[in-house]
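First, one chain by itself: the form predicted on its own, in structure tokens.
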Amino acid sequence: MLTALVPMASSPDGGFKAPTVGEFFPGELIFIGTPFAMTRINLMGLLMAGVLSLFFVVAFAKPKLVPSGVQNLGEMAIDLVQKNVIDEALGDKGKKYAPYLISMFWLLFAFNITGILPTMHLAISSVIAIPLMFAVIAWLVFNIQGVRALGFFHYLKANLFPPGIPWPIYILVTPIEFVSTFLLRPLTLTIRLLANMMAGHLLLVLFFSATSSLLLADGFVKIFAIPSFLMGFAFTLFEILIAVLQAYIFTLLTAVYIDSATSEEH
């Protein structure tokens, strides 16, 4: 039965077409051929950032002592990150970084959730430039804050020469610490978010495009559209969880890196 579906994958006339990596590189839509050219992903990013900004502006435009309506939702959104990320990872000193970390979490969530929104169907964060941008900003923040808190040379010493180790071992440990702290952290932040959002998009496209093709097929093959649709629906719900979870993990790791960079002991 599975072999009967193989020809559909290569059919040029309306048959099943498997998702490809090329979907993550859409063509230009406006300002084509100029330095200001924008793709569908750029426009989606501007839209989601605008919607998120508008939500928080409206929520706190006229704050009341007893919140209600949109203000209540805004405070819940802030408390979610404050209590579950900032307080847990940074404690009392987290207040200083709250605006940055709260903005990061909700912007990442907004960029992740577009993967299941009607007419969008592609997570903005599934394009490498987005997670890389967030990772580089996080890398700059925790390093700059570490230098400000400890001083440049003390910060390097704390990261590259952990205390309590016999000095000959530093020949091995110091290069590892350098690569881990200053090179791998932004790379792992980028890849973790990128891989999860890319995989989710490819699976959703695979199941729903297969559902459509199976429904248009002849004979008993149509029946396979049911499990294909159910799997697509299940992965849609799963992608909502992943959108929240990846925003949480990225923000939590950034908070942990800030705490590590600004503490005397590592």
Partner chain sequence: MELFAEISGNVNAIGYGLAAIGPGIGIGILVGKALEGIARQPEATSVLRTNMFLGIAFTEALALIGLVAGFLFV
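Residue numbers count along the first chain shown, from 1. Source: prediction; values computed, not measured.
Keep in mind that the form predicted together with the partner chain is not shown, yet the notes after this line are about it.
A.B. asks: Under a 4.5 Å heavy atom criterion, is residue 195 part of the interface with the partner chain in the model of the complex?
C.D. replies: Residue 195: yes, in contact with the partner chain in the model of the complex.
A.B. asks: Taking 4.5 angstroms as the cut-off for heavy atoms, does residue 191 touch the partner chain in the model of the complex?
C.D. replies: Yes, contact at 4.5 Å.
A.B. asks: Heavy atom to heavy atom, is residue 79 within 4.5 Å of the partner chain in the model of the complex?
C.D. replies: No, residue 79 sits far enough from the partner chain in the model of the complex that none of its heavy atoms falls within 4.5 Å.
A.B. asks: Just to confirm, residue 88 within 4.5 Å of the partner chain in the model of the complex by heavy atoms?
C.D. replies: Contact with the partner chain, yes.
A.B. asks: Any idea which of 57-65, 198-206, 43-51, 219-227 reaches within 4.5 Å of the partner chain in the model of the complex, heavy atoms considered?
C.D. replies: Heavy atoms within 4.5 Å of the partner chain in the model of the complex occur in 198-206.
A.B. asks: Decide if the three candidate residues 249, 253 and 256 all line the partner chain in the model of the complex, where lining means a heavy atom within 4.5 Å.
C.D. replies: So, yes: the whole triplet contacts the partner chain.
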